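The data below hold one chain only, encoded as structure tokens and taken in the form predicted on its own.
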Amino acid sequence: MTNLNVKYLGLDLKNPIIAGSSGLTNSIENLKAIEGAGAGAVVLKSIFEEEIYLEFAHEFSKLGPMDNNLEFLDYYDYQIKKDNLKRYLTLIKEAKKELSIPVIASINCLTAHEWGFFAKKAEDAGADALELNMFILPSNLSQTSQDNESMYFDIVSRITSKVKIPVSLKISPYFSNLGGVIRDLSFSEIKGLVLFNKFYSPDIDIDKQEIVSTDILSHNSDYKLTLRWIGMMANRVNSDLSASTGIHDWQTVVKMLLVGATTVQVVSSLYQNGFSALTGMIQNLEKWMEANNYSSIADFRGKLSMDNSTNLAEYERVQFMRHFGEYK
């Protein structure tokens, strides 16, 4: 009999497949359906730092000239934040009441300002863990790469100092020394790293000659960067590694586990195929394990990581050689 149980962030999961943070994890109805489909854990929709300030800007545009005074605006800013945070904390409380799987709260943050306080509120509301979703666009030309990296460690330190629940960090691959940053973050106060975020990116409509958004959902070939870096860092870091972006099928789940991921996070496939996609992934993972005589995830997790490889070039090669030479 196969055992799919894993430990992630110190939490017991019945399987390694997590429903990642998205608009689908923003209601109790969906969360119950996600648990029913078999997810090992769920990450609630992120509360966005920018979202709170954009809501303020939207409401500000509706104010009349008599309302445009600093005292009123300070109160209005406070009230908007309070309402957003209150709704999110209510979602955490209701999710913990209705679900038996771990509930992970999520903060999409750019600064450490106020979020340590909110992290404690999320903990008090019952969240089993907290995922920080961070990407600081290195567009400020006056800042060095070291300045940008320091911001991540500063935010992590400030937030983890406020809570006792485990904290994970979801990051991008856009660091000048990615391997070193992953290693150093893993030895900070966090318990897990999620590789990698999927971002909003601009595109161009050449007919209208204006900036538009690219595809919001990932594609089933987008997993390869994550696979490489999970494979290279597994067993060389001091935290759990969770694979994210481009995980659309059970085969990719198996691949991520083989290279050393502790868990995988699924989002786009749920939008495209419904929550039953989770059930299919779990069932097929179990069948694959049975066919290969694996009784637990631990029997094969990390089997194909760089740490266990006899040919490091399989991971470190970045240029095509014979592949394109023979390609027709």
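If you're wondering where the values come from, they're calculated on a predicted model, not measured in any experiment. A residue's number is simply how far along the shown sequence it sits, counting from 1.
What comes next is about the form predicted together with a small molecule, which does not appear here.
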Is every one of Tyr174, Leu225 and Thr262 within 4.5 Å of the small molecule in the predicted bound form, counting heavy atoms? no
Answer option from Leu31, Val267, Ala277, Met289, heavy atom within 4.5 Å of the small molecule in the predicted bound form: Val267
Does the small molecule get within 4.5 angstroms of any non-hydrogen atom of Gly10 in the predicted bound form? no
Using the partner position in the predicted bound form, report whether Ile206 sits within 4.5 Å of the small molecule, counting heavy atoms only. no
Residue contact check: Lys45 to the small molecule in the predicted bound form, 4.5 Å heavy atom: yes
In the predicted bound form, does Phe196 come within 4.5 Å of the small molecule, counting heavy atoms only? yes
Looking at 251-259, 213-221, 154-162, 182-190, which stretch has residues with any non-hydrogen atom within 4.5 Å of the small molecule in the predicted bound form? 213-221
